[in-house]
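Only one chain is shown below, in structure tokens, and it's the form predicted alone.
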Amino acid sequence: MAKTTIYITADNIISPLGFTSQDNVEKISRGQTGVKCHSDKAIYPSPVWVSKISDKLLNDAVRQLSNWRNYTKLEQLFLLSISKASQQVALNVSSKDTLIIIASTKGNINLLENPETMDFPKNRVQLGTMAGQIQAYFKNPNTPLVVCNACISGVLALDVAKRLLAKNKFKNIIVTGGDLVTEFTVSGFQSFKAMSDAPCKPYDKNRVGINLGEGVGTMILSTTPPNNKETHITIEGSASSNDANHISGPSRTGEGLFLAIKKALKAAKIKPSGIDYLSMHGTATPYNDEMECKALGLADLLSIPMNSFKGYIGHTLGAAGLIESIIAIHSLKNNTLYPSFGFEELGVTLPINVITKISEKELHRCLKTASGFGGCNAAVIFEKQTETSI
């Protein structure tokens, strides 16, 4: 049976750095970060370093949506991002050949925090109900899929979409992921003492924890190549695993993430030496970053240039895998490596090749990884296809 090629035909990022993928990539190229100290008692009693979307900018942007007041903040972000991505390729979102997959860890969790001020029914906090609102807005005839598996949700959603497209279940799949910075999420990570009191520093000797972030990332996957584009990005391999180690702590050996990487490489039929760039999870917590370096050691990938985007946009939970994948894809297209924001001195036990300055390099393949609570891990391999390589 001939292999089905899965193309990425459009993408969009909405984050504190901007409301398009281009805005985000340009600001990252200039070394800008959306992580700031916020004194907002609705999020946490004391100041916290997070990456939060401007309410004013969002309120201005959502007015292009019909009946925008009928949707929660997160639903508005999903609707905006899907609209922006689908407009790039004139995709008919209401087609029976198109499916919507939504990745999120907590969805409308903010509805539980101040229910007396919310004008939405209680069941909107359920991920399935939220997904139904998005489906109804676009009049899509297919029941949307929800992927909720901690911080690998975004990458895992890409894996699910790839498998469905390979089986010719649909012609196009919109994969979108999003989460908010809320009192619930901040309090949870504070209880782990995992929050940084300054911009985070993935893989650095002086890292102390994460910065949470909010945003939405959307990618459109298709079995049909995009029109009028000399460069195409395809998904060549993807996989997931679980190290079954602990409810919140990753395996100290890195073997779970290694297994996901190994399976993704096998699916793509390439060797570790065929990877040009690594976009890692990089939360800046002591255990996660050390686990990742060990996984790269097991996978024979220590010498490959790698970075984490958490210092620019924070940890966006269910959106992280998608937002960071989109930035990585633009790295491939632009042949540009972006530094890992905040990194100064190596703080893990193996010599990983952390990118420290922006540079140009011929890039063909990128490996993106994600890891999360419950020991879950995921990996996906993107490849750049030019007219000469197709």
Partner chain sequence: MEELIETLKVQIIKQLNLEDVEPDEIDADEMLFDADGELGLDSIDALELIVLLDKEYGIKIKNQEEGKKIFHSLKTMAEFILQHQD
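The structure displayed is predicted, hence computed values, not measured ones. Positions refer to the first chain, counted from 1.
FYI, the form predicted in complex with its partner chain isn't displayed, but the following is about it.
> Given the stretches 81-89, 300-308, 214-222, 191-199, which is the single one in contact with its partner chain in the model of the complex, using a heavy atom cutoff of 4.5 Å?
It is the stretch 191-199.
> Could you confirm whether Tyr287 comes within 4.5 Å of its partner chain in the model of the complex, counting heavy atoms only?
So Tyr287 counts as contacting its partner chain.
> For Ser95, is any heavy atom within 4.5 Å of its partner chain in the model of the complex, or not?
Contact with its partner chain, no.
> Residue-level contact is defined here as any heavy atom of the residue lying within 4.5 Å of its partner chain in the model of the complex; does Ser248 satisfy this criterion?
Judged by the heavy-atom cut-off of 4.5 Å, Ser248 is in contact with its partner chain in the model of the complex.
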